[in-house]
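First, one chain by itself in structure tokens, the form predicted alone.
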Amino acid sequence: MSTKNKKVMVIGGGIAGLTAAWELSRFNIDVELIEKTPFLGGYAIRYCCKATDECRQCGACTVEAMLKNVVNEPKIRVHLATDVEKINNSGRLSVDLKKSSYKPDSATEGVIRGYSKNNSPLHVIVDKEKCEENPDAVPEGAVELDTMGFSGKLDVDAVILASGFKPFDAEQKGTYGYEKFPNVVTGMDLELIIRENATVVRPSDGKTAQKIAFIQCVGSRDESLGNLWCSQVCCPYALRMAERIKHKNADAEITVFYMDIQNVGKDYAGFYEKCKTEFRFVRNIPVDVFPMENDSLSMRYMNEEDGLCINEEFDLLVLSVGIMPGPDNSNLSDLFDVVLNEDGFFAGIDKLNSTSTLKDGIFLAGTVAGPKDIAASMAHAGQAASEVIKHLGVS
């Protein structure tokens, strides 16, 4: 069947949504890409490269490349700062869209910036009053948030849900002191520290962090929170980041506190063995963190050998937070009549066909269906695009 007049909506502009949109465009299918924030790329575009003297296949460069592909592809029409309002699926899928109510967490001088040079626009004005007070601080080409977003109806032949995930809120683990102690950060915070400083510095004073602790499984495999799943990405992510730190600063002392190291990904076993020669691994999750006078952190944990308590001081504590169901899952589940599993992620038909749903014409891509790293999200999105192509009868 010809692809003429075939159109697919992809909801979510993270790496899964970008990949799905790009793969569909290769088949001459028109794509309407919907993203609720002012920028494409999701969380993955914020990641820094973790290469040392060789590529560590962290996926950061592939996200950048895919974003560039999408923004330059005429078959893909991007709608930023846009939300889904309702859907009518009698015959062709008719989707009502509206301007999103997106609000940034913070904005310097009233302007927020995308994380990639390929973001278009690159700068968005979110507070006009601040910008009017200091117009010289407004970058050329900045777009007002109020002018962004699409309101109207679009008719499509299929929908791919790729709205992503949200990181676990580390403040829920109050004993670690996140947001109370400046030198307790999440993995995402550490990404931004490195992007801005090219090295690992303490937020409290800008000094190089020499003694660093990673705590794994923060928000994952936690019975007290009801989050019993493994987020899969945390172990390889933390070790790649730790190795990058060590590569840049050979004197850095790195300790990884863990329950179990999840051995996932190509050549990961050999990589893990190498890490064990460079870092200290403690099979114990610390209970408490206390601030010290010099903004360092004292952590208390159990000795593996004799069970006695140990108090140890660190310059920086990195919390490897897990993957949580996306904040829009419940609403999208109601709108598209697609069920969620017991953990709050979208449920595919089965494990072999995890991109198709019981709702005709509705498909899943990436972390909406459960935790995945960048490579797995891209592969899942590619599978979703293939299933859509079959659904459309495109050859």
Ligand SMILES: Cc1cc2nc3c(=O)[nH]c(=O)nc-3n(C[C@H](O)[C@H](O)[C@H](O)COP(=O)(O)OP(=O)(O)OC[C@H]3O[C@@H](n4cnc5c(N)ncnc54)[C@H](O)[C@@H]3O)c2cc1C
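The first residue of the shown sequence is 1; numbering continues from there. Because the structure is a prediction, the values reported are computed rather than measured.
Here the subject shifts to the form predicted together with the ligand, a form of this protein not shown in this document.
A.B. asks: If we take heavy atoms and a 4.5 Å cut-off, which stretch out of 339-347, 355-363, 66-74, 28-36 is in contact with the ligand in the predicted bound form?
C.D. replies: In short, 28-36.
A.B. asks: Taking a heavy atom within 4.5 Å as contact, would all three of A44, D328 and S377 count as contacting the ligand in the predicted bound form?
C.D. replies: Judged in the predicted bound form, A44, D328 and S377 all sit within 4.5 Å of the ligand.
A.B. asks: Counting non-hydrogen atoms within 4.5 angstroms of the ligand in the predicted bound form, say which of L316, V321, V159, L239 makes the cut.
C.D. replies: It is V321.
A.B. asks: Pick from A209, V256, M299, V233: which has a non-hydrogen atom within 4.5 Å of the ligand in the predicted bound form?
C.D. replies: Exactly one listed residue reaches within 4.5 Å, namely V233.
A.B. asks: Can you tell me if F165 lies within 4.5 angstroms of the ligand in the predicted bound form, counting non-hydrogen atoms only?
C.D. replies: Answer yes; at least one heavy atom of F165 falls within 4.5 Å of the ligand in the predicted bound form.
A.B. asks: Please check if M188 has a heavy atom lying within 4.5 Å of any heavy atom of the ligand in the predicted bound form.
C.D. replies: Looking in the predicted bound form, residue contacts with the ligand include M188, since a heavy atom lies within 4.5 Å.
A.B. asks: Spell out, yes or no, whether the shortest heavy atom distance between Q216 and the ligand in the predicted bound form is within 4.5 Å.
C.D. replies: No.
A.B. asks: Answer for D83 alone: is it within 4.5 Å of the ligand in the predicted bound form, judged on heavy atom distances?
C.D. replies: Yes - in the predicted bound form, heavy atoms of D83 and the ligand come within 4.5 Å of each other.
A.B. asks: Output the sequence-ordered list of residues from 10-40 with at least one heavy atom within 4.5 Å of the ligand in the predicted bound form.
C.D. replies: I11, G12, G13, G14, I15, A16, G17, I34, E35, K36, T37 sit within 4.5 Å of the partner.
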